[in-house]
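First, one chain by itself in structure tokens, the form predicted on its own.
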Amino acid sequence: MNEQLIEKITKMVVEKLQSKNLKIVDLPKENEQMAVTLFQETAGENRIPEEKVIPTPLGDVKFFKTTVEEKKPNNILLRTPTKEDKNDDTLAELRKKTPARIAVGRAGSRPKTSTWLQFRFDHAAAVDAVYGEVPQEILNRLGFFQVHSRVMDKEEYIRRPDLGRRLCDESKKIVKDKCKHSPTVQIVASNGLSAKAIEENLEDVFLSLVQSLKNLSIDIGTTFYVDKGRVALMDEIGEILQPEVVIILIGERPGLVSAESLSAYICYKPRIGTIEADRMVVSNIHKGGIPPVEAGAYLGTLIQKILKYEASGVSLVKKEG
């Protein structure tokens, strides 16, 4: 094709597009009749082309102006935000602030596949936490000796909470022989209902707690580990060793949000028959809750307060005013 003709046609097309916002639909091919078909960018039905011929030195250029019987707007529809949109934004914001299963949707009357699989995964993690065992290397690294409650196995531990609140006879003797008597603070660890909680958090919490107590010049007894213990085990330990404060670091009952959460129960002079109102607890200690190192430091200051007021639980609250 002649370069001059190409240049001229191109110039005409550009001017036409700029003036009427037309769209090129059909371009001329080499060695064919030189005609350019243009259509307006208007959506519609039953297009009726109107031919317009423009003569050029090298041939005629044909333009077709399209008219439509039915015109429709050719623009972008801007939808006004609805109440449902605002609800979706609110739920998305809430989901960022909680690990709970909220606004997860459903597929008909059933949960979505991803939601169901995550539920099964979390349930399996909870079961593993209850039936798992604490690695011995952690206890060795911390220098803890191990004793046992009266529970024989995991099934009995779940069915008989009362047996987890007492040491077996052999363990009582070991505790008497190996532990310092009448310390200010006696620290005890137990897997409780989550061995995973001990595995993931015990070391950081314990080391931070010990450092906090040392900084406060508070005497610490001989720490040990009780397999399959319950919270009220601190009462019998209080009877045996006669400490001023007993703190037990124990695995929490696992849920579907976290299976590795640790709790710290504290009591001033616990003895057999101590009521639950006299205990204090700092719970939710794990990487997704209270950071373990931060929890250990806080527990030291809390024990200092308990020693100052010689009370814990509800009694401490009353004395603080």
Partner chain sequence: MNDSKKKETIISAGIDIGTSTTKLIISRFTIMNTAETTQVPRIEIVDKQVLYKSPIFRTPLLDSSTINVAEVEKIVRSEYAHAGITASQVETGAVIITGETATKHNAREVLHYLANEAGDFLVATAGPDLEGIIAAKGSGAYDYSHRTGKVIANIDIGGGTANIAVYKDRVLLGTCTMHIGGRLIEFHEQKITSISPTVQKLLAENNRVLQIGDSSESPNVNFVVRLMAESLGRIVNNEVHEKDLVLLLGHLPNWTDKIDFLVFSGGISEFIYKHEPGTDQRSDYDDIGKDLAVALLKDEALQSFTWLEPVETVRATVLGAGTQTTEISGATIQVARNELPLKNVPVYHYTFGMNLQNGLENFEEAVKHAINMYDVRREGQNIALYLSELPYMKFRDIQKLAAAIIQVMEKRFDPNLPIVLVVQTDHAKVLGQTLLAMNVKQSVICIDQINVEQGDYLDIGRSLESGVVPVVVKTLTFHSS
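The model shown is predicted, which means the values in this text are computed figures rather than measured ones. Numbering follows the first chain given and starts at 1.
Only in words, not in the display: the form predicted together with the partner chain, which the text now covers.
S.K.: The chain here is shown without the partner chain. Which stretch in 239 to 247, 165 to 173, 206 to 214, 180 to 188 comes within 4.5 angstroms of it in the predicted bound form, by heavy atom distance?
M.R.: Of the options, only 206 to 214 has residues within 4.5 Å of the partner.
S.K.: At 4.5 Å by heavy atoms, is each residue in S114, A195 and S258 next to the partner chain in the predicted bound form?
M.R.: Looking in the predicted bound form, the three residues S114, A195 and S258 all stay beyond 4.5 Å of the partner chain (heavy atoms).
S.K.: Closest heavy atom of I272 to the partner chain in the predicted bound form, within 4.5 Å or not?
M.R.: Outside the cut-off, so no.
S.K.: With the cut-off set at 4.5 Å between non-hydrogen atoms, does K308 touch the partner chain in the predicted bound form?
M.R.: Taking the distances in the predicted bound form, the answer for K308 is no, it never comes within 4.5 Å of the partner chain.
S.K.: Heavy atom to heavy atom, is E294 within 4.5 Å of the partner chain in the predicted bound form?
M.R.: Heavy-atom contact with the partner chain at 4.5 Å: present for E294.
S.K.: Test of understanding: in the predicted bound form, would R253 fall inside 4.5 Å of the partner chain by heavy atoms?
M.R.: Judged by the heavy-atom cut-off of 4.5 Å, R253 is well away from the partner chain in the predicted bound form.
S.K.: What residues, if any, in 272 to 292 have a non-hydrogen atom within 4.5 angstroms of the partner chain in the predicted bound form?
M.R.: Read in sequence order, the residues that approach the partner chain (within 4.5 Å, in the predicted bound form) are M280, V281, V282, S283, N284, K287, I290, P291, P292.
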